[in-house]
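Only one chain is included here, represented as structure tokens and corresponding to the form predicted on its own.
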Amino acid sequence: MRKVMTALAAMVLALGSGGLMAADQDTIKIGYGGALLGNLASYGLSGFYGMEYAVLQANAKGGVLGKQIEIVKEDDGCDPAMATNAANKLASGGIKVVNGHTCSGATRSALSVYGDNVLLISPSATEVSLTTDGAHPYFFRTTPRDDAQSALEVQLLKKNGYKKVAILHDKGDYGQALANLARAEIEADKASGLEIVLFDGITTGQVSFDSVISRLKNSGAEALLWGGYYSDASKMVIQMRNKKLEVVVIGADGLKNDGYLKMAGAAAEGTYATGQVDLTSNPLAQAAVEDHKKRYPTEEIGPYFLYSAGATEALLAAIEKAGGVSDLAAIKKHLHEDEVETVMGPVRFDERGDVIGAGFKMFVVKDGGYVEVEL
């Protein structure tokens, strides 16, 4: 937490009270909504740093349409209620395009505020229906979706020969949707021999997991699929290991975070988690990472830095072609139709707003770090 607070303090000093302020007040304003404080701030800060990098690069080249870009940021804490408040502040302040929000539940709440009046592009909100239900035509994302993660989780179960599976989730939009996807995939694969021996939700933020650990023991589960974030999982895993419960833990990108490694420590060893594909072979990505290290030498880059930078680069290119931020339909059209070279590589979005060509990989915690697993 001290590190996050240091990062936030540095950000505030660098940005000023209103955001990333250009010297010229005739600016193009774009919003950022994400978790900047709290347990999941490492996610939100990662996204902010990526956006900041893309904006600084654009401003150094003259901005967009001859105007400098200004970031107006709001903290949503990865909390749906806070996200509603943050979205209202951004929308009422005249912001027309936003990078964010960090978490799927917060994103859904923000979209209910934005409607068709604000275009939102997220580097990290993975819940499937955000794009597939057709309710949010002005929502885009550079992250792949949760159905790709659940497919990898089930693939791992079958490869490693686990048969009895427990599925737990945190009752949130992201975690519960992941759990339901995994359950549906297992139930549809009759030939796999996989058996769900426990399916339940837990209360996020709880201190003691004694009850759920007892149920896990009694279920005979060999593997636990976790739908949720690392803040809950780290406490649960420590308590599981303290009680000598060695069930294998498998999670999604909410578990692939340095915060999990630090909080869970040795108990994290052997945990599997899906994560976004490593993009650092791209020279543009390498340059972005090096720039971040120079500007924030003590701060981790986090999982969404490049995905947020890429989202911002694609958004700025669409704003340029649309002649500004007032015509959201034109910005939307260019995001769908134009391929933009970014730190992520070429970026273009399909008719639903999902980025084309992105994917996940499976990782395992080994010797305190994440190592890619071939499936």
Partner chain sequence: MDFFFDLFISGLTKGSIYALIALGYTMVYGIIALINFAHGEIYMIGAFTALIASMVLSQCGLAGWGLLVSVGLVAVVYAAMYGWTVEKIAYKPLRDASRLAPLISAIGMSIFLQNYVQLAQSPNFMVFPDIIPAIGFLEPVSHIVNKTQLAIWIITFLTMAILTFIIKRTRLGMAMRAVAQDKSMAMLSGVNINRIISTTFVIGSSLAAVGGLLIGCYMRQIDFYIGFLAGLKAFTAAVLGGIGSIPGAVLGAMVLGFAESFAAGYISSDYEDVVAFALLILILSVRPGGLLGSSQQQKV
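Positions refer to the first chain, counted from 1. Owing to the predicted nature of the structure, the values given are computational and were not obtained by experimental measurement.
The same protein also exists as the form predicted in complex with its partner chain; that form is not shown, yet it is the one meant from here on.
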Whether residue 38 contacts its partner chain in the predicted complex should be assessed with a 4.5 Å heavy atom distance threshold; does it? yes
So in the predicted complex, is its partner chain close enough to residue 207 to count as touching (4.5 Å, heavy atoms)? yes
Proximity of residue 295 to its partner chain in the predicted complex, heavy atoms at 4.5 Å: no
Residue 275: touches its partner chain in the predicted complex, heavy atom cutoff 4.5 angstroms: no
For its partner chain, considered in the predicted complex: do all three of 171, 200 and 262 come within 4.5 Å of it, counting heavy atoms only? yes
Which listed residue (211, 132, 117, 192) meets the criterion of a heavy atom within 4.5 Å of its partner chain in the predicted complex? 211
In the predicted complex, the one of 150, 234, 126, 271 near its partner chain [non-hydrogen atom within 4.5 angstroms]: 234
Just to confirm the contact call: exactly one of 283 to 291, 99 to 107, 179 to 187, 236 to 244 touches its partner chain in the predicted complex at a 4.5 Å heavy atom cutoff, so which is it? 236 to 244
Using a 4.5 Å cut-off on any heavy atom, which residues of 217 to 231 would contact its partner chain in the predicted complex? 217, 218, 231
